[in-house]
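Provided below as structure tokens are two forms of one protein chain, presented individually as structure 1 and structure 2.
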Structure 1
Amino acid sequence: MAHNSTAQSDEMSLGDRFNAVAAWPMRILFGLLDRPFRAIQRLFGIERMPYIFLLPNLAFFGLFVVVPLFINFAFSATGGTNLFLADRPFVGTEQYRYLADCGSYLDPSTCREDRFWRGIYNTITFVVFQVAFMVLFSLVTALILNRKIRGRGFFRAAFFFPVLLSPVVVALIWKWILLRDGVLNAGLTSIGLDRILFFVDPTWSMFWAIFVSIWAHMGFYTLILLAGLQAIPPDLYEAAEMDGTKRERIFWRITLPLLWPNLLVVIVLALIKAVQIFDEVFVLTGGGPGTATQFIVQYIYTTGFSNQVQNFGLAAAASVVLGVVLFALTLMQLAASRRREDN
């Protein structure tokens, strides 16, 4: 018995020795870091330490977000094709006046920069249909996945899986499916139907741009709505069922009002994401046919970088217009989040 206790003590001592040796490098590292942080704490005081820890992140944010914003504003007030600001003439608001010069804002062909306005109208069309169907499908999917169905965990993972994929990967997968000799047309010809040239017809191109975007992002919004549904107390549903309330009335009187804060967040986030659409559609359709699926972000990209004559000032002015729209949508998101917290 004494022999066993001695062996256990030897094993514990070996384990303690191993832990001490393994922790030795970390102890040295923490000791080296401790001295400068103690000196900073003595210099600035313990109440200012959170700002010290935030300083590297704020510096990174300022260098890669705030500074480029000011540079972009500066470019939007200049003209010419030179890259460096010192070589570009100051034109004030000329770029904005050029973008706004239209005979009729309802007809892009009457505008001096018709591609900009076609990009705006295409973006509006995309946002209206994509956000509407995104919210609808996400809500229906969340309601179904919130019920006790067989394989619920699998379906939740399956709906969320596309969110984990890169937008470029998503676009390449669907492009492989929708090409003239792709999987979908192979299936159509196998049952005796004609091929459909999805990327030649403007209507089909816009449809698939909306569909692929919904398929890629719906899982994220479904997750938000599912969390909201699970936060609703079950007692409310039990009381409504005991009173003999119909399911439709339960949805309109209980589920939707209590889910509305989550639904509002989903709507605003979907709006922000839809306005910024670029990579998926750029890889899927290239903005074609013609300019049928060219959205505002692609206009900025082609004007500033991919055109033979690169107009940095015009692209910067268009990005400022887009930034104002996104800023307004962000304010809506913050207001929706605050309202959700208050409720």
Structure 2
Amino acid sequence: MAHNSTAQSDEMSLGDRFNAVAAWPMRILFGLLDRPFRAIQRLFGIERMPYIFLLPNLAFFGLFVVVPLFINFAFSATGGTNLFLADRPFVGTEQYRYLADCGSYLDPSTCREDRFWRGIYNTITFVVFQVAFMVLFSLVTALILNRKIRGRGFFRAAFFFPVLLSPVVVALIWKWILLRDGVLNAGLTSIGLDRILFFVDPTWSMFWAIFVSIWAHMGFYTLILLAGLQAIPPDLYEAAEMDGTKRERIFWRITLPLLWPNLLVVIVLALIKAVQIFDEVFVLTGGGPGTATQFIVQYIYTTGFSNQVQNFGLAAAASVVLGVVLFALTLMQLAASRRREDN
């Protein structure tokens, strides 16, 4: 016993010594910072110190997010093709009026900028289906992976793996599968079926755009939901089981309400990401056939950058519209989470 305690004290002293050595650079750093921070604290008072600590991050956020936001807004009130704001003529709300000039908002072909409206409608279709199925599949997958099944670690890794891939790589893999002479068509023809030209049919193209996007991002949302499921105290389930509660009732009365905060995060993140969809679909379908999978961000990119006449003003105006939509979605999320907290 005495021998054990000596060994323990030897280990601890070794650990302490290591910590002391490892901590000395930090001590030097803190020593150097101590005086200036004390001076700052004396100047501003201890209550204002959190703002001082937030300042560097806020400065970066302001420089790279808020300032570009204002620059974009300013661009949307100008015309021409000059890159520098000072060289661009002021046109007021003309770009917005041009975007909104429609015979009927329900029929993009009656709009002056028909591609903008086609982009809006395509984005709405994509968002509705992609978010609904993404949340559903992520939830089901998380519920399954939360159970004690064989190979659980492998499946968790397998579902998360596509998240690690670049969107361009994801799109190229699926393009290789779906092309006329792709793997899927080779499979169809090998069992005597006709090949399907997926990228020529608007419905198929939208289907695959949604499918590939879900495949690529589902792992991330599954992980969030899995963390939420694991945070639910197991004794609640034990008590419910002891009461003989049915599985469905346990799901609706315990799992879903306690998972709701995570679910809300998943819905909002998926919604924002779906509205911003661009890269993987652009590589997969190129926005086609026609404009069937051309989404709003692709419209902005094309208008601002890939046309010979780079219409930065119109692209900026469309970006502002997109920004307003995203802002509204974020407000809705905040309102929903507050209501939930109040309840």
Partner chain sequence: MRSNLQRLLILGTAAMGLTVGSALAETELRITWYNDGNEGEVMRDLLDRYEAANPDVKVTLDVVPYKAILESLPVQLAAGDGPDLARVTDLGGLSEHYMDLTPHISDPAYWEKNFGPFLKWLRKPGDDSSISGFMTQLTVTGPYVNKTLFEQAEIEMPGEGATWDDWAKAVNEVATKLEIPIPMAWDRSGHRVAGPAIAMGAKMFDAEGNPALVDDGLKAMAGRLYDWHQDGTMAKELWGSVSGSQYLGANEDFANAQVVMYMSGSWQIPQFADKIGDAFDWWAVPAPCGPAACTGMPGGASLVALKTSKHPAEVGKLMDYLSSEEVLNEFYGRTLFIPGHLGLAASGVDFKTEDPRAEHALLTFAAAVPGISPIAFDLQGYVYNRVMFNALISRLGEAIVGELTLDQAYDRMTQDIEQQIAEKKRGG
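Take the two forms, superpose them, and find the largest set of C-alpha atoms that agree within 1.5 Å; that set is the rigid core. All residue numbers here follow the sequence of structure 1, with the first residue given the number 1. Computed from a predicted model, the values in this text were never measured in an experiment.
Only structure 1 of the pair represents the form predicted alone. A two-part rigid-body description fits the chain between structures 1 and 2; in it the smaller part is rotated by 12 degrees against the larger. Taking the core as the reference frame, the CA atom of residue 54 shifts 6.2 angstrom between structures 1 and 2. Here residue 81 exhibits a Cα shift of 2.7 Å between structures 1 and 2, evaluated on the superposed rigid core.
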